[in-house]
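Okay, here we've got a single chain as structure tokens, the form predicted alone, with questions on binding and movement later.
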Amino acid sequence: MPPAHGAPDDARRVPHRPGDAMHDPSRMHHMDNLRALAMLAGVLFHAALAYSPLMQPFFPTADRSNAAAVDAVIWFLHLFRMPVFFVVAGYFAARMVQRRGFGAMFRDRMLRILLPFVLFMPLVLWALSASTLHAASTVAHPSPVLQWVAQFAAMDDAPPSPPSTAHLWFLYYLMLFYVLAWVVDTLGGARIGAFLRGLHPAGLLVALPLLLAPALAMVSAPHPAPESPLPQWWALQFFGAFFALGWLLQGHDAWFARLRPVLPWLVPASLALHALFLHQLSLHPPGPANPAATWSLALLQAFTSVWMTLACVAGARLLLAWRTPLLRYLADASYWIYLAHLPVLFVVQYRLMDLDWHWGWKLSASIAATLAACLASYELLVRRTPLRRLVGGAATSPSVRG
């Protein structure tokens, strides 16, 4: 997740000691901590896909050692992990526009979002392709996708692979949402925003999932990553709603206070909905027979996504507003880890596929090795180099603060 910094109202009460980043009043510590934890959840999610029975036919690193328990955990994470990122991104984009205007926001995001996307996407695609082609010819126990890749590579007239943004689709959609936010603001969207903020949170907890369900009914369940370079309508609706939610809630702390009475119920209610989702998914698994989600699956996904996203964002304000060097460091490194982790993870998991280990050991080893490699490269390539200005945290220049 790209770093985003800002100063909440209560941060002004924190004394600032020059040179002490842990007491920097421009940091929102609960957002730093939330971003760090969400980044770790992202590495866990992508690593666990290899050991998901549901993903066996679809994921390149799918391992012969897997367990149904993995599906129960990762598809729950899947429903709110990226929505949380979009809420946070919308929140800080609105904050920058409020403080410095759309022009400054676009200049900053072109440097911190668009430029890294353009620079790193070819490298990411090359690394993923190279490791997959090598694995297809060397792994003794290949996944179904690797078997297909091996057959595809052996063809004399094989067509080129379809274009993709890989896991960098998040940056691609962020740039689209920044432009759409400017368009809506230009057309007088402030009145609509004021109306929506005036709604009681309980109404939003029902209305927003109902509005998002049609988008999720357009694609399979669990919803896929929108990696196509052509914007997908369902993704614009679904993720755009969370970006807009973050934008609208910026500077309106009273709204979160109104949400507090129902906050303790959101997580257990979401877990109950997820249990129903898993049951429905067992009856309608993704594949050629079910190219789109049923309405029940779409509704269950929509309600869980909205409720858990709000639980995470509101809960962070209550539970994560403390300072810790480790989480601060991970938050600063999170953008680089986001960019680099998937190519590293694929290399690690391809090497693990032929080992006769329990899936739990393989999952733990792949997460540990991926994080170690990403953090080492962050120290060597980013933290103390000019790359920090693009993809590092703890930026020293006010021009790159959110």
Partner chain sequence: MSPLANLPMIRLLVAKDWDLFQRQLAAYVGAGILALALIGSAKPWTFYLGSLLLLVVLVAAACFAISTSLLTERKERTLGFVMSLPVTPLDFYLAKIAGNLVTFGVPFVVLVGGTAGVILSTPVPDGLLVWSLLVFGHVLLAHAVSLSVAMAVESEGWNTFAMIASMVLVNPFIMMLGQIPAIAGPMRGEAIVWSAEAIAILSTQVLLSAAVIGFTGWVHCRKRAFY
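Positions refer to the first chain, counted from 1. None of these values were measured; they are calculated from a predicted model.
Unshown form predicted together with the partner chain; subsequent notes refer to it.
Against the partner chain in the predicted complex, would Leu230 count as a contact residue? Criterion: heavy atoms within 4.5 Å.
Heavy-atom contact with the partner chain at 4.5 Å: present for Leu230.
So, in the predicted complex, is Ser282 in contact with the partner chain at a 4.5 angstroms heavy atom limit?
Contact check for Ser282: no, nothing within 4.5 Å of the partner chain in the predicted complex.
Though only this chain appears here, would Gly287 touch the partner chain in the predicted complex if you measure heavy atom gaps against 4.5 Å?
No, Gly287 stays farther than 4.5 Å from the partner chain in the predicted complex.
Decide whether Leu176 counts as a contact residue for the partner chain in the predicted complex under a heavy atom distance cut-off of 4.5 Å.
Yes, contact at 4.5 Å.
Per-stretch contact check against the partner chain in the predicted complex, the hit in 178 to 186, 85 to 93, 255 to 263, 145 to 153 (non-hydrogen atom, 4.5 angstroms):
After filtering at 4.5 Å, what remains is 178 to 186.
Exactly one residue in Pro291, Pro163, Gly101, Pro325 has a non-hydrogen atom within 4.5 Å of the partner chain in the predicted complex; which is it?
Of Pro291, Pro163, Gly101, Pro325, the residue with a heavy atom within 4.5 Å of the partner chain in the predicted complex is Pro163.
Note which of Leu320, Leu236, Val139, Leu278 lies within 4.5 Å of the partner chain in the predicted complex, where distance is taken over heavy atoms; exactly one does.
Flagged contact: Leu236.
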